[in-house]
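This document starts with one chain, in the form predicted on its own, laid out as C-alpha coordinates.
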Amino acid sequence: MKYNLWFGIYKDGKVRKSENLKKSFITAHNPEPLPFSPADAGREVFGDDYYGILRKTAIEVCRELVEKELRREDRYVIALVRTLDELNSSINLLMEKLRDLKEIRESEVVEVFEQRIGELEKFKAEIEKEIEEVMRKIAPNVSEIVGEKIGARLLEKAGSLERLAEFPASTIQVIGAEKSLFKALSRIRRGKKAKVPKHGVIFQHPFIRNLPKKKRGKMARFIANKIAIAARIDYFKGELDEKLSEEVRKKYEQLSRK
(Lines give C-alpha, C1' and ligand atoms only; values in the text may rest on other atoms or scores of the structure.)
Protein backbone atom coordinates (compact mmCIF):
# COMPACT_ATOMS: atom_id res chain seq x y z
CA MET A 1 0.00 0.00 0.00
CA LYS A 2 1.25 3.44 -0.97
CA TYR A 3 0.72 6.54 1.19
CA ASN A 4 1.37 10.19 0.39
CA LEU A 5 3.10 11.94 3.28
CA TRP A 6 4.13 15.58 3.57
CA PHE A 7 7.78 14.54 3.28
CA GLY A 8 7.48 11.82 0.62
CA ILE A 9 6.00 8.45 -0.30
CA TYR A 10 5.58 5.60 2.17
CA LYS A 11 5.37 2.17 0.55
CA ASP A 12 5.97 -1.36 1.86
CA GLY A 13 7.45 -0.05 5.07
CA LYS A 14 9.94 2.23 3.27
CA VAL A 15 9.97 6.00 2.82
CA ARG A 16 11.07 7.73 -0.37
CA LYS A 17 11.86 11.30 0.57
CA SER A 18 10.37 14.06 -1.58
CA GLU A 19 12.77 16.30 -3.49
CA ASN A 20 10.33 19.21 -2.99
CA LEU A 21 8.93 19.28 0.55
CA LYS A 22 6.65 22.27 -0.08
CA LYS A 23 5.05 20.55 -3.06
CA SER A 24 4.57 17.23 -1.24
CA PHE A 25 3.22 19.12 1.80
CA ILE A 26 0.47 20.66 -0.36
CA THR A 27 -0.39 17.50 -2.29
CA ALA A 28 -0.24 15.02 0.61
CA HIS A 29 -3.61 13.29 0.75
CA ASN A 30 -4.79 9.77 1.49
CA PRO A 31 -8.29 8.36 1.08
CA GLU A 32 -8.09 6.45 4.36
CA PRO A 33 -6.50 7.05 7.78
CA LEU A 34 -2.82 6.12 8.01
CA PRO A 35 -2.16 2.77 9.74
CA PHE A 36 1.13 4.09 11.15
CA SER A 37 2.49 7.25 12.77
CA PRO A 38 3.82 9.72 10.18
CA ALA A 39 5.98 11.25 12.92
CA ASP A 40 7.70 7.88 13.50
CA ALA A 41 8.24 7.48 9.74
CA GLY A 42 9.46 11.06 9.56
CA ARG A 43 12.02 10.55 12.32
CA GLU A 44 13.54 7.76 10.25
CA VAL A 45 14.16 10.37 7.54
CA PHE A 46 14.96 13.53 9.51
CA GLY A 47 15.95 12.18 12.92
CA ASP A 48 15.40 14.62 15.77
CA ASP A 49 14.94 17.49 13.28
CA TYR A 50 11.54 16.10 12.18
CA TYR A 51 9.32 18.64 13.93
CA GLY A 52 11.66 21.53 13.17
CA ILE A 53 11.61 20.75 9.43
CA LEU A 54 7.84 20.20 9.53
CA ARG A 55 7.37 23.63 11.18
CA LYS A 56 9.67 25.35 8.71
CA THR A 57 7.95 23.74 5.69
CA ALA A 58 4.45 24.56 6.99
CA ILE A 59 5.40 28.22 7.54
CA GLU A 60 6.92 28.54 4.05
CA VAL A 61 3.86 26.93 2.43
CA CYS A 62 1.47 29.19 4.35
CA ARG A 63 3.51 32.29 3.48
CA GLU A 64 3.45 31.44 -0.24
CA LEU A 65 -0.29 30.71 -0.20
CA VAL A 66 -1.04 34.00 1.57
CA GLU A 67 1.16 35.96 -0.85
CA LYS A 68 -0.48 34.22 -3.81
CA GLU A 69 -3.92 35.06 -2.42
CA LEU A 70 -2.99 38.71 -1.91
CA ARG A 71 -1.60 38.97 -5.44
CA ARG A 72 -4.80 37.72 -7.08
CA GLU A 73 -5.96 40.28 -9.54
CA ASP A 74 -9.64 39.65 -8.94
CA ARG A 75 -9.08 40.84 -5.38
CA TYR A 76 -7.42 43.92 -6.83
CA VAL A 77 -10.51 44.61 -8.97
CA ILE A 78 -12.80 44.14 -5.98
CA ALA A 79 -10.71 46.58 -3.93
CA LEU A 80 -10.81 49.09 -6.80
CA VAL A 81 -14.60 48.78 -7.11
CA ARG A 82 -15.03 49.40 -3.38
CA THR A 83 -12.64 52.35 -3.55
CA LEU A 84 -14.67 53.73 -6.43
CA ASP A 85 -17.87 53.42 -4.38
CA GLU A 86 -16.29 55.34 -1.50
CA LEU A 87 -14.95 57.94 -3.90
CA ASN A 88 -18.37 58.43 -5.51
CA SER A 89 -19.97 58.91 -2.10
CA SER A 90 -17.30 61.43 -1.11
CA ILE A 91 -17.60 63.38 -4.37
CA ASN A 92 -21.40 63.56 -4.07
CA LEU A 93 -21.10 64.81 -0.49
CA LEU A 94 -18.48 67.39 -1.44
CA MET A 95 -20.61 68.59 -4.38
CA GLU A 96 -23.47 69.25 -1.96
CA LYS A 97 -21.16 71.27 0.27
CA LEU A 98 -19.88 73.20 -2.74
CA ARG A 99 -23.43 74.11 -3.80
CA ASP A 100 -24.17 75.31 -0.26
CA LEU A 101 -21.06 77.48 -0.24
CA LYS A 102 -21.79 78.94 -3.67
CA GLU A 103 -25.27 79.94 -2.56
CA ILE A 104 -23.74 81.97 0.24
CA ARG A 105 -20.72 83.49 -1.47
CA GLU A 106 -18.45 83.09 -4.51
CA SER A 107 -14.89 83.28 -3.23
CA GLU A 108 -11.35 82.15 -3.93
CA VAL A 109 -11.73 79.38 -1.38
CA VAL A 110 -14.78 78.08 -3.20
CA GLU A 111 -12.82 78.04 -6.48
CA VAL A 112 -10.04 75.99 -4.88
CA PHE A 113 -12.66 73.66 -3.39
CA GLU A 114 -14.15 73.13 -6.86
CA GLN A 115 -10.71 72.42 -8.32
CA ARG A 116 -10.07 69.78 -5.67
CA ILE A 117 -13.35 68.06 -6.52
CA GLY A 118 -12.31 68.14 -10.18
CA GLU A 119 -9.07 66.38 -9.24
CA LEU A 120 -11.08 63.68 -7.47
CA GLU A 121 -13.18 63.25 -10.63
CA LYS A 122 -9.98 62.72 -12.64
CA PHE A 123 -8.75 60.18 -10.10
CA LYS A 124 -12.11 58.41 -10.35
CA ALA A 125 -11.68 58.15 -14.13
CA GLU A 126 -8.21 56.65 -13.63
CA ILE A 127 -9.64 53.98 -11.31
CA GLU A 128 -12.38 53.16 -13.82
CA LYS A 129 -9.78 52.79 -16.56
CA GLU A 130 -7.68 50.51 -14.35
CA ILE A 131 -10.74 48.35 -13.61
CA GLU A 132 -11.47 48.04 -17.33
CA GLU A 133 -7.91 46.98 -18.13
CA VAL A 134 -7.69 44.37 -15.37
CA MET A 135 -11.16 42.99 -16.13
CA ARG A 136 -10.23 42.54 -19.80
CA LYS A 137 -7.21 40.58 -18.63
CA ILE A 138 -8.72 38.32 -15.95
CA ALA A 139 -12.34 38.01 -17.16
CA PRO A 140 -12.40 38.60 -20.93
CA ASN A 141 -15.57 36.60 -21.56
CA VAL A 142 -17.61 38.14 -18.75
CA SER A 143 -16.42 41.57 -19.89
CA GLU A 144 -17.34 40.84 -23.48
CA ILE A 145 -20.90 39.88 -22.51
CA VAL A 146 -21.79 42.53 -19.93
CA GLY A 147 -18.96 45.05 -20.11
CA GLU A 148 -16.15 45.63 -17.63
CA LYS A 149 -18.22 47.80 -15.29
CA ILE A 150 -21.04 45.30 -14.72
CA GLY A 151 -18.56 42.41 -14.74
CA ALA A 152 -16.47 44.06 -12.01
CA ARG A 153 -19.60 44.68 -9.93
CA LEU A 154 -20.59 41.00 -10.26
CA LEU A 155 -17.09 40.04 -9.16
CA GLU A 156 -17.31 42.38 -6.17
CA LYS A 157 -20.66 40.95 -5.10
CA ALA A 158 -19.50 37.34 -5.58
CA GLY A 159 -16.25 37.94 -3.68
CA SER A 160 -13.90 36.41 -6.27
CA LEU A 161 -13.78 35.13 -9.83
CA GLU A 162 -13.65 31.59 -8.44
CA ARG A 163 -16.90 32.07 -6.53
CA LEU A 164 -18.59 33.70 -9.52
CA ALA A 165 -17.56 30.67 -11.61
CA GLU A 166 -19.19 28.39 -9.02
CA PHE A 167 -22.49 30.28 -8.94
CA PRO A 168 -25.45 28.84 -10.87
CA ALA A 169 -27.02 31.11 -13.47
CA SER A 170 -30.09 31.59 -11.24
CA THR A 171 -27.91 33.15 -8.54
CA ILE A 172 -26.00 35.35 -11.00
CA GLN A 173 -29.32 36.62 -12.35
CA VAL A 174 -30.27 38.18 -9.00
CA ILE A 175 -26.84 39.23 -7.67
CA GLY A 176 -27.36 42.72 -6.27
CA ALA A 177 -31.07 42.15 -5.60
CA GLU A 178 -30.56 40.08 -2.45
CA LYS A 179 -32.65 42.34 -0.19
CA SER A 180 -35.65 42.21 -2.50
CA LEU A 181 -35.21 38.47 -2.97
CA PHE A 182 -35.06 37.68 0.75
CA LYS A 183 -37.99 39.98 1.42
CA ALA A 184 -40.06 38.22 -1.26
CA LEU A 185 -39.09 34.75 -0.02
CA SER A 186 -39.99 35.76 3.52
CA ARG A 187 -43.46 36.84 2.38
CA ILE A 188 -43.92 33.63 0.39
CA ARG A 189 -42.97 31.54 3.44
CA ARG A 190 -45.69 33.35 5.38
CA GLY A 191 -48.20 32.39 2.68
CA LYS A 192 -48.38 35.88 1.17
CA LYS A 193 -48.02 36.99 -2.42
CA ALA A 194 -44.67 38.44 -3.40
CA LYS A 195 -42.86 39.60 -6.47
CA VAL A 196 -39.54 37.79 -6.83
CA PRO A 197 -36.87 39.96 -8.53
CA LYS A 198 -35.90 38.87 -12.03
CA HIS A 199 -32.60 40.71 -12.17
CA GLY A 200 -30.05 42.47 -10.00
CA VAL A 201 -26.81 44.06 -11.16
CA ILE A 202 -27.25 42.80 -14.72
CA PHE A 203 -30.29 45.08 -15.13
CA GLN A 204 -27.77 47.83 -15.93
CA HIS A 205 -27.05 46.02 -19.20
CA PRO A 206 -28.77 47.89 -22.08
CA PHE A 207 -29.93 44.60 -23.61
CA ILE A 208 -32.16 44.13 -20.55
CA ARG A 209 -32.96 47.73 -19.63
CA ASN A 210 -33.98 48.71 -23.16
CA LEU A 211 -36.44 45.86 -23.65
CA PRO A 212 -40.15 46.10 -22.74
CA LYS A 213 -40.76 45.17 -19.12
CA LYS A 214 -42.42 41.81 -19.92
CA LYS A 215 -39.33 40.63 -21.85
CA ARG A 216 -36.65 41.69 -19.39
CA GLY A 217 -36.90 38.53 -17.27
CA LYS A 218 -36.34 36.28 -20.27
CA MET A 219 -33.34 38.33 -21.40
CA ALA A 220 -31.94 38.41 -17.85
CA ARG A 221 -32.12 34.59 -17.62
CA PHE A 222 -30.38 34.24 -20.96
CA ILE A 223 -27.58 36.65 -20.09
CA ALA A 224 -27.13 35.08 -16.64
CA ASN A 225 -26.72 31.67 -18.30
CA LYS A 226 -24.04 33.04 -20.59
CA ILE A 227 -22.28 34.84 -17.72
CA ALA A 228 -22.16 31.56 -15.77
CA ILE A 229 -20.46 29.85 -18.73
CA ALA A 230 -18.20 32.85 -19.35
CA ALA A 231 -17.04 33.01 -15.72
CA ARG A 232 -16.07 29.32 -15.79
CA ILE A 233 -14.11 29.78 -19.02
CA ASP A 234 -12.41 32.88 -17.58
CA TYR A 235 -11.47 31.12 -14.37
CA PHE A 236 -10.30 27.80 -15.80
CA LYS A 237 -9.01 28.76 -19.27
CA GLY A 238 -8.89 32.52 -19.60
CA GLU A 239 -9.39 32.46 -23.37
CA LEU A 240 -11.92 34.65 -25.12
CA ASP A 241 -14.84 32.86 -26.78
CA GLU A 242 -16.62 35.44 -28.92
CA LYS A 243 -19.54 33.08 -29.60
CA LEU A 244 -21.00 33.82 -26.17
CA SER A 245 -21.42 37.55 -26.68
CA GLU A 246 -22.65 36.95 -30.23
CA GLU A 247 -25.39 34.64 -28.89
CA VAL A 248 -26.40 37.32 -26.39
CA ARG A 249 -26.63 39.93 -29.15
CA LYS A 250 -28.76 37.62 -31.34
CA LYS A 251 -31.10 36.87 -28.46
CA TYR A 252 -31.55 40.59 -27.83
CA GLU A 253 -32.33 41.20 -31.51
CA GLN A 254 -34.80 38.32 -31.50
CA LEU A 255 -36.65 39.64 -28.45
CA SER A 256 -36.59 43.18 -29.83
CA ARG A 257 -38.37 42.09 -33.01
CA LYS A 258 -41.23 40.21 -31.34
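Being a predicted model, the structure only gives us computed values, none of them experimental. Each residue number is its position in the shown sequence, starting from 1.
A second form of this protein, the form predicted together with a further copy of the same chain, is not displayed here; the remarks below concern that form.
Do all of 175, 185 and 242 end up near a further copy of the same chain in the model of the complex, with near meaning a heavy atom within 4.5 Å? Result no, not one residue of the spot touches a further copy of the same chain.
Could you tell me which stretch in 176 to 184, 141 to 149, 160 to 168, 78 to 86 has residues with non-hydrogen atoms within 4.5 Å of a further copy of the same chain in the model of the complex? In short, 78 to 86.
Residue 132: heavy atom within 4.5 Å of a further copy of the same chain in the model of the complex? It does not: once a further copy of the same chain is placed as it appears in the model of the complex, residue 132 has no heavy atom within 4.5 Å of it.
Hey, in the model of the complex, does residue 72 get a heavy atom within 4.5 angstroms of a further copy of the same chain? Answer yes; at least one heavy atom of residue 72 falls within 4.5 Å of a further copy of the same chain in the model of the complex.
Under a 4.5 Å heavy atom criterion, is residue 97 part of the interface with a further copy of the same chain in the model of the complex? Taking the distances in the model of the complex, the answer for residue 97 is yes, it comes within 4.5 Å of a further copy of the same chain.
Quick one: does residue 116 come within 4.5 Å of a further copy of the same chain in the model of the complex, counting heavy atoms only? It does: once a further copy of the same chain is placed as it appears in the model of the complex, residue 116 has a heavy atom within 4.5 Å of it.
Taking a further copy of the same chain in the model of the complex, which residues of 112 to 127 have any heavy atom within 4.5 Å of it? Read in sequence order, the residues that approach a further copy of the same chain (within 4.5 Å, in the model of the complex) are 112, 113, 116, 119, 120, 123, 126, 127.
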